[in-house]
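There is one chain below, alone, in structure tokens, taken in the form predicted on its own.
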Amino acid sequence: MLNTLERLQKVFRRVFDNDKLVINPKTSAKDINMWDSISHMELISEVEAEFKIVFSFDQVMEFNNAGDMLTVIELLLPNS
């Protein structure tokens, strides 16, 4: 079974159309050329669908990197 980071990486690979993309908690928009405001919103939507969660606006505004996103995902996941 995939852990949360592995699942998140699958979403990043799908959104940024790069099967070789490797993320870590410090990965941010400056590390991925195609990560702009439009792709950020697509990423948020795809992450919510993958994990069956909904981020609040405030949570989204606090995301500075993949680690911030991971922390909130794990908070919102049932049975975490």
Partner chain sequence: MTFISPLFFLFISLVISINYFLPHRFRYVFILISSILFVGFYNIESLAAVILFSFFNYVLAKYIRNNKWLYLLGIIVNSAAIVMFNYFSTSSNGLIFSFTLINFQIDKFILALGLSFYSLQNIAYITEVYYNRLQPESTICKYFLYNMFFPKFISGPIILPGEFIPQIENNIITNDKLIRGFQLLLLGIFKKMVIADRIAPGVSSVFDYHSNYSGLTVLTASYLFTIQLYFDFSGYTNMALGISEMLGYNLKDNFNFPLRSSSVSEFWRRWHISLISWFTNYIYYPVVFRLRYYKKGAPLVGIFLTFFISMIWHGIGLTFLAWAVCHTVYLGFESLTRKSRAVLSDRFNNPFYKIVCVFIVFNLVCFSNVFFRSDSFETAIHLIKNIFSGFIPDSFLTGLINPIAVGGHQTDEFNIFITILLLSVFLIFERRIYKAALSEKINLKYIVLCVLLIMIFGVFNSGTRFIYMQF
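Remember, it's a predicted structure, so these values are computed and weren't measured experimentally. Residue numbers count along the first chain shown, from 1.
As for the form predicted together with the partner chain, it is not shown, yet the points below apply to it.
Chemist: Taking the shortest heavy atom distance, is Leu70 within 4.5 Å of the partner chain in the predicted complex?
Modeler: Because no heavy atom of Leu70 falls inside 4.5 Å of the partner chain in the predicted complex, the answer is no.
Chemist: Heavy atom to heavy atom, is Asp17 within 4.5 Å of the partner chain in the predicted complex?
Modeler: Asp17 belongs to the contact set for the partner chain.
Chemist: Can you tell me if Glu48 lies within 4.5 angstroms of the partner chain in the predicted complex, counting non-hydrogen atoms only?
Modeler: Yes, contact at 4.5 Å.
Chemist: Please determine whether Ser39 contacts the partner chain in the predicted complex, using a 4.5 Å cut-off between heavy atoms.
Modeler: Contact check for Ser39: yes, within 4.5 Å of the partner chain in the predicted complex.
Chemist: Mind listing which residues of 43 to 62 have a heavy atom within 4.5 Å of the partner chain in the predicted complex?
Modeler: In sequence order, Ile44, Ser45, Glu46, Glu48, Val54, Phe55, Ser56, Phe57, Asp58, Val60, Met61 come within 4.5 Å of the partner.
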